[in-house]
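A single chain, nothing else alongside it, follows as C-alpha cells in the form predicted on its own.
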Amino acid sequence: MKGYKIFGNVLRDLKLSPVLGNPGTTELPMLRDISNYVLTLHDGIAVGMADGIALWTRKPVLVNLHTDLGLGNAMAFLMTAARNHSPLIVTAGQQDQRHLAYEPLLSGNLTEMADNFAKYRTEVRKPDDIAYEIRKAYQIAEEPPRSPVFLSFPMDVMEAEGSYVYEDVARSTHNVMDEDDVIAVANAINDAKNPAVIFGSEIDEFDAFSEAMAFAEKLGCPVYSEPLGNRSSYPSDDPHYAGELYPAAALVDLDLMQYDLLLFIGSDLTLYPYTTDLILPGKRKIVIGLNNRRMIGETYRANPKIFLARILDLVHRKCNFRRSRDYMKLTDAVRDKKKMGQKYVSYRISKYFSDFTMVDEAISVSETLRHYFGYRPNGYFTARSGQIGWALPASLGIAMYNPKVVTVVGDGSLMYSIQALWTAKHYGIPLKLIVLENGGYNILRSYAMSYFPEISDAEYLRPEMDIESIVSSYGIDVRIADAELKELEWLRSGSDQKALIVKMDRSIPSMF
C-alpha cells in the first residue's frame, strides 16, 4: 500500500476529519487520499480553526501545514494552541529525502522548529511508520496537559510502499486522582481559618462545573477566577463568586491578602505587566489540576472533576460568603450609552447573545465583556497567549460544531486574520461577527498612557481602516450599528455569515 493510502486510512480510522490546512507542493503527495479538507488562505488560520474545534470537542484535530514556511506562518497560532492546551496533530510536508543533502527549496529542520510548541515531534522516515506515528501522536496530544504534537512527512515516504494494519488508540477520560492527596488537601482545608478558592479553565475543560459549585457551597468560601484564563472557570452569577483576579502580582496579593489558605483548582497564574517579584508571600498555596506548571505552592496532579467529587464529603464548612448584589451594573451601562462606551456595548451584547458561546478578542474591552456576559460551561473562549488574530478563525472552528457562536473583536484584531472570512463564506460556516471599531490599538495606547505617555497618541497606534468595505469584499453581509444597537437582533438570526460594526468611544481606557 502506498504511503499516502496508509495516511488516509489511519486518519479515517481515528476519525481525524476534517483536515484543515493550506497546502504546498510538499504536501500534495500526502493529500491524495484525503476527501474532507478545509482550505484556509493562511497557515495560521488553519491552526486557529483547529484550536477552536479542539477546545470545543476536547478531541485531537489534524492540521496540515506547508513545510518550514507554513510552520513559520503559523507559529503564533501554534504557541496559542499550546497555551490553550489544545490537542492538535500538526503535520507538514518535507522535501524528498533523496536530495535533502543539497538543501533544496522547501526543506528545513522542521522538528527543530516545532520544538517551540510541540511536546512530541518527529520526522517519519518510511511508510510502515506512518500509522504508528499518527497513533502515537494522537495519544500524546490528548494526554494532559494537552498540547500540539508535530509530524513531518517527506514527499518520497508518501509514494513508497508499506503495510497498514488497523489498531485503535486509547481514549481516556483521565480520571487521575490519588486518595492520599485528597486526604492531605482536605486536612489542610479543615485546619485553615479563612480559605479561598481560585478556579480556572480546567473546570470547563474537564466538565467540572457542578462539582465546583457543590464544593463552593459546602465550604461557603469566596470563589475567584484565575487571571487571563482562556475559557470559563465558574458561573459568574453564583453567589459564591467573588470576581476575576487581575493579571498583576501586586493586585493578586492585594485581593487575596486576608486568606490563610489559597486553593488553586484547575487554575494557573498568568501575569502581565510586572508589578512585584513576590506572589502571595507567606500564604499557604495548594494547586490541584492536570495542567499546572508548578510555579507556586504545593502541587497535586489530579483531574479537578474527580478530585472535587471525592473531597466533598471530607471537608467542613469554613465561611459564609455571599456576594452582594451589584446594583450599579445596569446603571453604569446606561450612563455609558451616550458615548457608546464599552459598558453599554458589553451589556447590550450580553442581553442579545446570552445563550451563545462568545469568542473574545476585543482586548481593551475584554474585562468589561466578561463582567457583563459572564462565565458558564462552554460559554466563553479567548487566547491565553494574548495573541491578536486568534479569535476569528477559532470561532469558525467552534461554529462548525456549534452554530450559536458570537465573535467579538477589535478593528485592529480583525485585520490579523481577515482571510478567515473567505473560509467562512466558502464553506457556509455560521458567522456572527461583532467588530468594535475604536480606530486604534487601545490596549497599547492604554499601556503607553500609564508608562510612556509621550507616545500614547502616536500615529502608529491609531490605524484607520474601512472595515465595512473590507468585510463586504469577502461577500459577508455587514451593517453599522445605530445608537440602540438594534442590529444585534439581525445579527443573531439565521445561520449565514454576518458582521456588525460598532463605532465605539475612542477615548483611551485606563487599564494599567
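Keep in mind that this is a model prediction, so the values were computed, not measured. Note that residue numbering follows the sequence shown and begins at 1.
The same protein also exists as the form predicted in complex with a small molecule; that form is not shown, yet it is the one meant from here on.
- Taken together, the three residues G386, D411 and Y416 all come within 4.5 Å of the small molecule in the predicted bound form, as judged by their closest heavy atom.
- N442 belongs to the set of residues with a heavy atom inside 4.5 Å of the small molecule in the predicted bound form.
- A residue is said to contact a partner when one of its heavy atoms sits within 4.5 Å of a partner heavy atom; A249 fails this definition for the small molecule in the predicted bound form, lying far away.
- Shown alone here, I363 lies within 4.5 Å of the small molecule in the predicted bound form, counting heavy atoms only.
- The small molecule is not shown here, but in the predicted bound form it comes within 4.5 Å of a heavy atom of N438.
- Stretch 386-394 is the answer when you ask which of 221-229, 386-394, 141-149, 188-196 has residues with heavy atoms within 4.5 Å of the small molecule in the predicted bound form.
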